[in-house]
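Before any questions on how it binds or moves, here is one chain, the form predicted on its own, in structure tokens.
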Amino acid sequence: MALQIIEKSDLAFFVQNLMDHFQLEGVQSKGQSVYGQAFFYGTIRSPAELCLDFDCTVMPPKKYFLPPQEALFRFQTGPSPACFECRPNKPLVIFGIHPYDLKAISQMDRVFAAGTPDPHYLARREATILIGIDPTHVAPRSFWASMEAAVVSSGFDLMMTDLGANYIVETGSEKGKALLGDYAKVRPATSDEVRQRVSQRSHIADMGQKRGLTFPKREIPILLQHSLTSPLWEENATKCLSCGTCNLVCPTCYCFDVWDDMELNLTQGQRLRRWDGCLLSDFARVATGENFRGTRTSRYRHRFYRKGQYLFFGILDDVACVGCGRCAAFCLPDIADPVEVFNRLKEKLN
């Protein structure tokens, strides 16, 4: 489908129609963060609530596919034991996802579809329509250009770029095509507007290069292969609070814990899962009490190897970091920034 134009004066019409037919989630400005205005994903109840000129949200949109806590199934014990499915399938539209978060969702899709597919994640993913938006501002700690996540050509149903007076929209799926046809006022983009989009996306990529890696990201796995005993791990880990914030705000972290919650009658219960993180002190503790990463240094180092090496060779053929900078922005001792860590490792290796 050819690129389409939504005039800014018609955006509220589109948003209102989506609100009338779907649960609409989008970016809202709420209060202040460490770097100024704070942005969060939440339910949109008025077109005026939707913010599209944000730099980076505090939390990524992964919460819509892998909730912080969810029931996997309910069960009953006794003479007639049984299990009852808790399968999510509520239709959802998420409006306003930057390219780096779209790339992160695509990585999560591969992870949860590999091996034994995760039905809960995949059901939510299938029921969700993603509307992307190219960024107009760069968060202070972002480095998505270094991670080849300044723009994306797939992983969305609709992708919008702000051209000033209007938005130019690329269709990425049949769902997106239907969404435009049913709920938006659009017109075909002119050749000048198509060229303007190319120029704007090139400008976006340049904006994202204000900070970043001093070497190509494909070298990260080999860099880590030669940095296992680097003193940097111990140096930074002595400051680590083991709070797990870097895990929680990361769009590509997906570790979780699972446990059974019995009701007081001891005949009914549910199996739950919730987010977990490799920086937490009990993350690698097993049932017999041993902890295979009992030191802060081992946990701190593991996070970077998980992101930069293990998933690269195991599932993704890519580094599991999209350069959003959330981990760096919200780490109190300021030791979680991949740019700082990887660049320092590279300097020491040279």
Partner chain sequence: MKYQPLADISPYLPQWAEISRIQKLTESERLFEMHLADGEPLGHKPGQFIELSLLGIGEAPISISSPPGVENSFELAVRKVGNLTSAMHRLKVGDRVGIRGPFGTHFPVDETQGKDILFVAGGIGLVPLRSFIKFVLEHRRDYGEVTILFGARNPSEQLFLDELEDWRRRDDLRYLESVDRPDPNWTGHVGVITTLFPYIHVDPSKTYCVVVGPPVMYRFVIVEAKAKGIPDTHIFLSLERRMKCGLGKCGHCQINHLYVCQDGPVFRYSDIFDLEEAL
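The structure presented is a predicted model; accordingly, all values stated were derived computationally and were not measured. Positions refer to the first chain, counted from 1.
Another form exists, predicted together with its partner chain; not displayed. Remarks below refer to it.
17, 53 and 217 all contacting its partner chain in the predicted complex, non-hydrogen atom within 4.5 Å: Verified in the predicted complex; spot residues all out of contact, no.
Applying a 4.5 Å heavy atom distance criterion, does residue 207 contact its partner chain in the predicted complex? Residue 207: no, not in contact with its partner chain in the predicted complex.
Taking heavy atoms and a 4.5 Å cut-off, does residue 304 contact its partner chain in the predicted complex? Taking the distances in the predicted complex, the answer for residue 304 is no, it never comes within 4.5 Å of its partner chain.
Wondering, does residue 203 line up within 4.5 Å of its partner chain in the predicted complex on heavy atoms? Flag for residue 203 set to no.
Can you check whether residue 286 is within 4.5 Å of its partner chain in the predicted complex, heavy atom basis? Judged by the heavy-atom cut-off of 4.5 Å, residue 286 is in contact with its partner chain in the predicted complex.
Contact segment among 71-79, 143-151, 171-179, 129-137, judged by heavy atoms lying within 4.5 Å of its partner chain in the predicted complex: Selected range: 71-79.
Heavy atom within 4.5 Å of its partner chain in the predicted complex - residue from 165, 83, 194, 123: Selected option: 83.
Taking its partner chain as it sits in the predicted complex, which residues of 151-184 have a non-hydrogen atom within 4.5 Å of it? Please list them. Contacting residues: none.
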